[in-house]
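We begin with a single chain expressed as structure tokens, specifically the form predicted alone.
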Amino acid sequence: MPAAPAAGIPRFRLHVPRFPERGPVDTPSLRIAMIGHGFMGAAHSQGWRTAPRFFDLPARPQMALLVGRTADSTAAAAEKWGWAETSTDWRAAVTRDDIDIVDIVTPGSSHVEIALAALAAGKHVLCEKPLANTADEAEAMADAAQRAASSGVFAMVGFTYRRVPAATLARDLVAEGAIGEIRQVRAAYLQDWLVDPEVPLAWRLQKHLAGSGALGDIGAHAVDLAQFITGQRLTSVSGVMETFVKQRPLLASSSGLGGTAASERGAVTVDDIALFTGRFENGALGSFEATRMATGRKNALRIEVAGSHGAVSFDLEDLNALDYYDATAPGPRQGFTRILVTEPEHPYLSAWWPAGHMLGYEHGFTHQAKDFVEAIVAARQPEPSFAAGLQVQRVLAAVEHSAGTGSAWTTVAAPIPETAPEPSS
């Protein structure tokens, strides 16, 4: 006999799966439809699959439906990652009565249409970053999410690096005053996968699909992480952007095998690099760099926050550590201390391995799934909300405006009200 609905779970159908992942057999499930696959599809699938096996969740995420453009590739991805069913019709998927969550991992050009349809259908939504291709699209999504939240339907944007334990610990230290008054932020996201001019013209290099280049693809992460760790939003920016390789080989349109048409080239319509300075609402200054042309750097997201009493420094290429400087310590003992963030008292770590046993890139997606499920069941706005995603989008738009017009400073539009972040667990 099916279990009664758990108290406090708002407006979605409860499913009791035949094969429980973890916890009591009557733990309700949340059935997920993921729209899109590829790199982010693999990462999100890992998160959904792993979260209920390591965390005692109040509801069990169930990988019910994978949606893609072509039947064969979608079926292959579903078989590989563990999705129960496939479809090539996302519009039908988001209105199915047996779907509770819609997870969007498609190119940015389709985010707004899918998210609006899913929210209108009463589905909780997780959407990859950046939230949309333009600030206007992001505003429409944030407005829809705010309306849906009043009915117990929630939306979240996937800024996953917030959930690397060392980055969350940095936020916690800053929030408790460990570095004093925040004065300066230095953030950079460095990659080199576009250095070779023969890398083909993929969707990430076309503005109508991606919205922007390095600025939106990886700069969005640097902006969000800076605002997350400091608890301060950027209010004005001044930037420059450049495209070094202006034409690239076209992807073969008919092979479907990822080959290129060597003799044909198309225009790159997004930036290769974006550099900007920013001012935070408390008066602190920040410098930001987002580039896919940093020869020799594969995935280097680095952020350092300096304050009146100390500093914190995080590097994604050393993601199990956080450097902390205590300026109040006696002079002979001053210096950056390397904190190995693997203790059970650190954010998220109590569910994982013994101290000193490392986590990796994929664990952030598990933590994302955990936090999203817990917030939905508690009828609490999950963070970062679509309002937070809109704030980042407005920063990106201001940088692009500054770079395009040569403006010394461009004001970032004020945010819409949002729920304060919940404490980390």
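Everything quoted here is computed from the prediction, not taken from an experiment. Note that residue numbering begins at 1 and tracks the sequence as displayed.
Note that the form predicted in complex with ligand SOE isn't included here; everything after this is about it.
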Based on heavy atom distances of 4.5 Å or less, which listed stretch (218-226, 331-339, 91-99, 134-142) is in contact with ligand SOE in the model of the complex? 218-226
With the cut-off set at 4.5 Å between non-hydrogen atoms, does residue 191 touch ligand SOE in the model of the complex? yes
Residue 129 versus ligand SOE, in the model of the complex: is there a non-hydrogen atom within 4.5 Å? yes
Heavy atoms within 4.5 Å of ligand SOE in the model of the complex: does residue 154 have any? no
With the cut-off set at 4.5 Å between non-hydrogen atoms, does residue 40 touch ligand SOE in the model of the complex? yes
Checking 297, 248, 204, 279 against ligand SOE in the model of the complex, the residue with a non-hydrogen atom inside 4.5 angstroms turns out to be 204
Using a 4.5 Å heavy atom cut-off, which residue among 83, 314, 288, 161 comes into contact with ligand SOE in the model of the complex? 161
If we check ligand SOE in the model of the complex, which of the residues in 352-373 reach within 4.5 angstroms of it by a non-hydrogen atom? 361
